[in-house]
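What follows is a single chain, given as structure tokens, in the form predicted on its own.
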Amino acid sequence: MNELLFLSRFQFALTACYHWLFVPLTLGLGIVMSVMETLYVRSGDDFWKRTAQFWQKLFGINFAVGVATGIILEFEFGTNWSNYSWFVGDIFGAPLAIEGILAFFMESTFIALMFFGWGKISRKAHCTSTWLTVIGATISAWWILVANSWMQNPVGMEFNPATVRNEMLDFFAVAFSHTAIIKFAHTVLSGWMTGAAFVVAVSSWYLLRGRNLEMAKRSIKVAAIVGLIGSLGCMGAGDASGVDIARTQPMKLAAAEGLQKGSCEAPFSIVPGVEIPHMLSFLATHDFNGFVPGIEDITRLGYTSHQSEEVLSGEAKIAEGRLALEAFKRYRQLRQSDPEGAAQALADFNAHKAYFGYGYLENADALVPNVPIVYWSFRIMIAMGSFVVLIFLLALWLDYKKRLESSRLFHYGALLALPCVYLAGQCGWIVAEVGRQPWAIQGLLPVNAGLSSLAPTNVLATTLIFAVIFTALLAAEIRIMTRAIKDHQA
């Protein structure tokens, strides 16, 4: 079981990490190229048409490769996580189905008009198709993030003991939960940062080589503005996310800070031994004296939340969960032969069902994710993201001073910002996903209870196949993109 669990998690993580190399560039580069085409429509200047076409070519390469990894990612829920899919398929499947039927078909339709419509439809109609392609990709991200947010904070459903499935009660609670809105804003705006950093980096490469100078300088200005807007929005969404996580996933926050014992004056750890007093309390509760629980509070001690709610310790929740599991087993055994006994068992189950998922855990230590990975991923994300924001600010300042073309130090910094923005995005997802372990669905279903019955060797084989295919796709994309960039003449 441990081997199967590790391999299944590793395969899903591998697919997700590869997929997230393509998605943020689609979201961000789409905005930049749409702004450029809008400038063409408004000004009539063919320069902006040629520039938009160049970035659209790179967008198309990235989009085509990204689709392949996304499709495989969704299929893995059925192949490797069939118990998960059975348990919550009625809820989790809805946003994925809407994404496939509505958003994906929308972007697929308009991307064809965008690439093949030049000269065949009016300028305004073509610009509209470009924007609708990007909007379709963004809507697609919305439904995927709704599904993921529901895993982080399950709402709008009720467990049906007769079918052993969770059933949706309120679609709008699922689709527009507070967690989903925050995650969507944070994720999409970080994609804007990625696309902007890509454009700034490629344009800086041209400036270093003295090629396509006018296109490079004007592209940097547009991208830096988009990137800075995305950065500011991402910071605001990150602040809101901190408060939401403190309320719904306190263990994730404790792990991200390495906080062992809770405090009403919790400091923010920059690195081990370097702290800002009271700052974690403020980030988590918007109160410099707000209580933030630590790992020991969550696992063994219990605590009173900042909202004055009494929260059981992990040990107490596990005890409650085992009572719920035992009552549920009795209900399943008696519901055909002993209706009265089944009714009593069901009543016992309902009395403890809030902690049903905890019954699958061995002990309270299982509630603690890998603290070093979460802690350092969070800090790498902040450091890399801050560097990228600095590059955007510096780009706009150099453009204002008419020194954008001559500052070689900035050009090298811009090239460095490209891997930094990707590293920030990957670390953000590591915090989000590793930080909620051991849960596949927070507080409801541990990952070990969501597995399919597979031979570990089969999972290992498909993982190796996927690794080879994904690496080949990534290498192909990089090769095609670099060829297109090197060959372009503005």
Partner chain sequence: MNLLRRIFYFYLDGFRQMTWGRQLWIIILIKLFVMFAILRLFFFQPVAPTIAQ
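Only a predicted model underlies this, so the values are computations on that prediction, with no experimental measurement involved. Positions refer to the first chain, counted from 1.
The same protein also has a form predicted together with its partner chain, omitted here; what follows describes it.
- Remark: T128 does not count among the residues lining its partner chain in the predicted bound form, judged by a heavy atom distance of 4.5 Å or less.
- Though the partner is left out of this view, Y400 does not reach within 4.5 Å of its partner chain in the predicted bound form, counting heavy atoms only.
- Contact check for I61: a heavy atom falls within 4.5 Å of its partner chain in the predicted bound form.
- Taking non-hydrogen atoms only, G117 approaches its partner chain to within 4.5 angstroms in the predicted bound form.
- The listed set T285, N83, S269, S407 contains one residue whose heavy atoms approach its partner chain in the predicted bound form to within 4.5 Å, identified as N83.
- With the partner omitted here, the residue from K124, K261, R211, R332 that has a non-hydrogen atom within 4.5 angstroms of its partner chain in the predicted bound form is R332.
- Shown here without its partner, the chain carries A94, M151 and V368, none of which come within 4.5 Å of its partner chain in the predicted bound form through any heavy atom.
- Figure note: of the listed segments 134-142, 338-346, 86-94, 249-257, the one touching its partner chain in the predicted bound form, with heavy atoms no more than 4.5 Å away, is 86-94.
- Contact residues in stretch 72-89 (any heavy atom within 4.5 Å of its partner chain, taken in the predicted bound form) are I72, F75, E76, G78, T79, S82, N83, W86, F87.
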